[in-house]
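Next up is one chain by itself, shown in structure tokens, the form predicted alone.
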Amino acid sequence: MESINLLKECEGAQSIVISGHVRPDGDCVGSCMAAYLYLKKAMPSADIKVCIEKPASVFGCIKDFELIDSSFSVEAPVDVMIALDCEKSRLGEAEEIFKLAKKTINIDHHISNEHGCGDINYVIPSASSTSELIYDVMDKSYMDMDIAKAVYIGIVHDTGVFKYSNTSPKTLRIAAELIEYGFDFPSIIDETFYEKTFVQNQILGRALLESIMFMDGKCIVSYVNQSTLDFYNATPTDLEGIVNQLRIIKGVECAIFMYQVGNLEYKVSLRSCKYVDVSKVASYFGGGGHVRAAGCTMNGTFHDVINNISGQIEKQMKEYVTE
């Protein structure tokens, strides 16, 4: 798909809303804020807002983080609506703004959104992150340290600090260009990716302690129910990173982590190491994502959900063995 010029696509707009998916992660927050800072600098007279659910406080190091509108208080229709890191059905409360916008732009890297959902689309499934794609569509003459930092944070989070298989030579070249702007990148990695609160570590420990291995040790699953979240006075943002910790256990090919979001309803995160395409598993149950990282929402008891997911994983494992 041919790249776009984001500034040109927004030319003449007086009202612009930037949004991303529900439960925003590092790439979602980084790409949204990078796009905001860039357009605000290039179009100072325009009314520009970022409307996403309240992100984790660790991203407070990004300039203007406190200006994020999590109430979605926008007078529709806006001139331009930019959906980042998702397709429109995952925008949550911002989906209505997207539907009514005079012009829509969709920038994403999820394979489940291959063709995009906007009037203008830039979707590259092979890209490491949406933040990498935001860097692609910027006029570099407007780049500064704050924009570079937001882009860098997004890339760091979706590449697992450049160790996931979605990290390409291009990704590393972009990272090198970004750190030339002079921000403290080692501290950013520690503070936004590795550092955890005491409560987060307690829940991580409990999730690991109560995890279950199956399929001859090739799969592992753990889950957190609502009573556990209440006990620790925790929120879903405190569960970030648990599935990745499960994935790196020796011998594991596929990790499943789920937490309760309603009565017999679970948010499921999937990760794989080498050969299971978890985006296919998630898509089968109405979700989506990437080959090595995906997710979905499922209904039923814990055992129902695991039985259904493991059936899809097992199919791929058997195919891999026979190849």
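On a predicted model such as this, the values are computed, not experimentally measured, just so you know. Residue indices: 1-based, along the sequence shown.
The same protein also exists as the form predicted together with guanosine-5'-monophosphate; that form is not shown, yet it is the one meant from here on.
*Asks:* I need the one stretch from 72 to 80, 146 to 154, 195 to 203, 85 to 93 whose residues put non-hydrogen atoms within 4.5 angstroms of guanosine-5'-monophosphate in the model of the complex.
*Replies:* Selected range: 85 to 93.
*Asks:* Within 4.5 Å, heavy atoms only: does Arg247 come near guanosine-5'-monophosphate in the model of the complex?
*Replies:* Flag for Arg247 set to no.
*Asks:* Can Ile62 be called a contact residue for guanosine-5'-monophosphate in the model of the complex at 4.5 Å between heavy atoms?
*Replies:* Because no heavy atom of Ile62 falls inside 4.5 Å of guanosine-5'-monophosphate in the model of the complex, the answer is no.
*Asks:* Give a yes or no for Gly26: in the model of the complex, does one of its heavy atoms lie within 4.5 Å of a heavy atom belonging to guanosine-5'-monophosphate?
*Replies:* Contact with guanosine-5'-monophosphate, no.
*Asks:* How about Ser272 - does it come within 4.5 Å of guanosine-5'-monophosphate in the model of the complex, if we only consider non-hydrogen atoms?
*Replies:* Outside the cut-off, so no.
*Asks:* Given that guanosine-5'-monophosphate is left out here, which of Ile52, Leu39, Val276, Cys296 has a heavy atom within 4.5 Å of it in the model of the complex?
*Replies:* It is Cys296 that has a heavy atom within 4.5 Å of the partner.
*Asks:* Counting any non-hydrogen atom inside 4.5 Å, which residue from Ser112, Thr167, Thr237, Asn121 sits next to guanosine-5'-monophosphate in the model of the complex?
*Replies:* Checking each option against guanosine-5'-monophosphate in the model of the complex, the one that comes within 4.5 Å is Ser112.
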